[in-house]
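So this first bit is one chain, no partners, the form predicted alone, shown in structure tokens.
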Amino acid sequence: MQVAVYPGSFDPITYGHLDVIQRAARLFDRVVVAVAESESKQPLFPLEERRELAAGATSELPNVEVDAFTGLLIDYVLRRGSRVILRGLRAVSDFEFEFQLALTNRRINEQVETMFMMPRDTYTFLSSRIVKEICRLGGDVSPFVPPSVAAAMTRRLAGHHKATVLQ
């Protein structure tokens, strides 16, 4: 069974992430969406809530599982019985960082390969950071994230927009 692990902070999961997940689900027997702790990024949502939001967004994909992890990605990939790390590339600006990660992971364990997938061109501009900023400023994020994620973001950021406007 070919298992691919798609790691990320998914803070929040976007339609760009979902596009990569859906296409990967057609290529691999199983796709594990691995939600990383990522405390250094100061996430909007805690780890368990990001995992729940991603699980809800992928619930109709039978060969996709969502899990949360901490620690070294390579160790997690091996624990999951995988040899494939799946990474999304939106633009050339992503490439250098992703390339460094892939080479570092290969240096740690050359049995694990990193595969890159690009989202559909409709989503190449989309990032969780941009979506969070739109929501913080009171904008509509429904074109960028599933309805349950948009609702969670609005609840989480309620009051933030009012404070921004009053300044």
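Quick caveat, the model's predicted, so the values are computed rather than measured. Heads up: residue numbers just count along the shown sequence, starting at 1.
Separately, the form predicted in complex with a small molecule exists; it is not shown, and the next lines address it.
Undergrad: According to a 4.5 angstroms non-hydrogen atom cut-off, is R80 in contact with the small molecule in the model of the complex?
TA: Because no heavy atom of R80 falls inside 4.5 Å of the small molecule in the model of the complex, the answer is no.
Undergrad: Taking heavy atoms and a 4.5 Å cut-off, does F28 contact the small molecule in the model of the complex?
TA: Contact check for F28: no, nothing within 4.5 Å of the small molecule in the model of the complex.
Undergrad: Decide whether I74 counts as a contact residue for the small molecule in the model of the complex under a heavy atom distance cut-off of 4.5 Å.
TA: Taking the distances in the model of the complex, the answer for I74 is no, it never comes within 4.5 Å of the small molecule.
Undergrad: Should S9 be counted as a contact of the small molecule in the model of the complex, where contact means heavy atoms within 4.5 Å?
TA: Judged by the heavy-atom cut-off of 4.5 Å, S9 is in contact with the small molecule in the model of the complex.
Undergrad: Among E98, E113, E65, E52, which has any heavy atom within 4.5 Å of the small molecule in the model of the complex?
TA: By the 4.5 Å criterion, the partner-contacting residue is E98.
Undergrad: Since the chain is shown here on its own, which stretch among 133-141, 115-123, 102-110, 56-64 would lie within 4.5 Å of the small molecule in the model of the complex, judged by heavy atoms?
TA: Selected stretch: 115-123.
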